[in-house]
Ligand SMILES: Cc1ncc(COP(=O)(O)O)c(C=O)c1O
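Quick heads-up: it's one chain on its own, the form predicted alone, in structure tokens.
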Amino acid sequence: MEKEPLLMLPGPVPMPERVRAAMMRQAINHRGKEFSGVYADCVRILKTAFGTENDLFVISGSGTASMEAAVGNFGRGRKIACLVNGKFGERLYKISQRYGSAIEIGSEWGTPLDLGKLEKALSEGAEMITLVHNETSAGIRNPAEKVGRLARKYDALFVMDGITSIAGDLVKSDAWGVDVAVVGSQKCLAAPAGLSALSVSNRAWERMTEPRPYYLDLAAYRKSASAKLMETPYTPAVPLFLALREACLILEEEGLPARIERHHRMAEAVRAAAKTWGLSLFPRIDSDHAYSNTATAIRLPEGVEDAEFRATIKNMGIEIAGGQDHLKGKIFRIGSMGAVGAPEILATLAAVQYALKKHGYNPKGCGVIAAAEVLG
């Protein structure tokens, strides 16, 4: 039997057997008591991961669906300041262009955001801010807390993509002043792709815009979730909800602080390996920004061809990611999120170290040992 690949990507990630098994049962009534309990468990546990007491809903649609729900329900016709330093910040900007008057406040991918330009846009009437907290396309974590303070200073709504940080890194949506936060199921939660969740503050509810999307109408989600039996307004992807509930229960059993610490150590191990090999991390960080704790972006050494390099690793049963768009062939990315730990990280780094040597780069030291020292 062919062995399953080890996915060390910035999502999707390996799923625990409990999560996979949850999808294999007979269908259930999505308007019944059992589904209501499943949905309630997801919401209860996800609120902890979001750091929120706000309303929270699960949508049958990927993270992009919830990104669009956030902008489509609260940004139509508004002036929206979009912070961009990677592919997913760019996606929020493109979504915002569909609904409002979008202003791109961009910097090179993987470089610090210009919060001075953001404040200028706010002082000139921007009513909403969009931000990707953890930009996996470039391996950089952006300063959500500082952005939240600016949003409050200028009374703007703050939409935060936490798709690859929630449940894997510290997120305090309420304390940071986030009005709408978003997560995707196939990232740090280690659930199957196809679901997303978002939280909504009271400030956001007071500022809903018209007309709203139909399938992504959050007023409809709110009404259905507040019914006697908690439900979704339209037919949900029930098997995915069952799997998400199991993933959330695993999160609860591990404990959020322990889960965050595990993600931090895995990322530190990958960074230690890269340094020992003599390779540079792609992002340029400052005192406000940091390296991502769920996906590490590493510059590909000169002379190493990306497709051949990653194919060698894939032939060993492990998949890592390359760069996106203009970063193709320039970086490679190793995910450290979800249901993985030291064995998976060390196996991945051993494969990467071998592939580097095979394709013409001689690492300065043993990155596997350096990583093991972090993980031990």
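Source: prediction; values computed, not measured. Counting begins at 1, following the sequence as shown.
FYI, the form predicted in complex with the named molecule isn't displayed, but the following is about it.
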Worksheet item: the named molecule isn't shown here, but in the model of the complex which of T130, S199, N142, T136 has a heavy atom within 4.5 Å of it?
Response: T136
Worksheet item: Among Q186, S96, S173, T296, which has at least one heavy atom within 4.5 Å of the named molecule in the model of the complex?
Response: Q186
Worksheet item: Are any of the heavy atoms in I334 no more than 4.5 Å from a heavy atom of the named molecule in the model of the complex?
Response: no
Worksheet item: I163 near the named molecule in the model of the complex, any heavy atom under 4.5 Å?
Response: yes
Fill in: in the model of the complex, G63 touching the named molecule (heavy atom, 4.5 Å)
yes
Discussion item. Considering non-hydrogen atoms and a 4.5 Å limit, does the named molecule approach F88 in the model of the complex?
Written reply: yes
Discussion item. Using a 4.5 Å heavy atom cut-off, which of 55 to 63, 303 to 311, 339 to 347, 29 to 37 contacts the named molecule in the model of the complex?
Written reply: 55 to 63
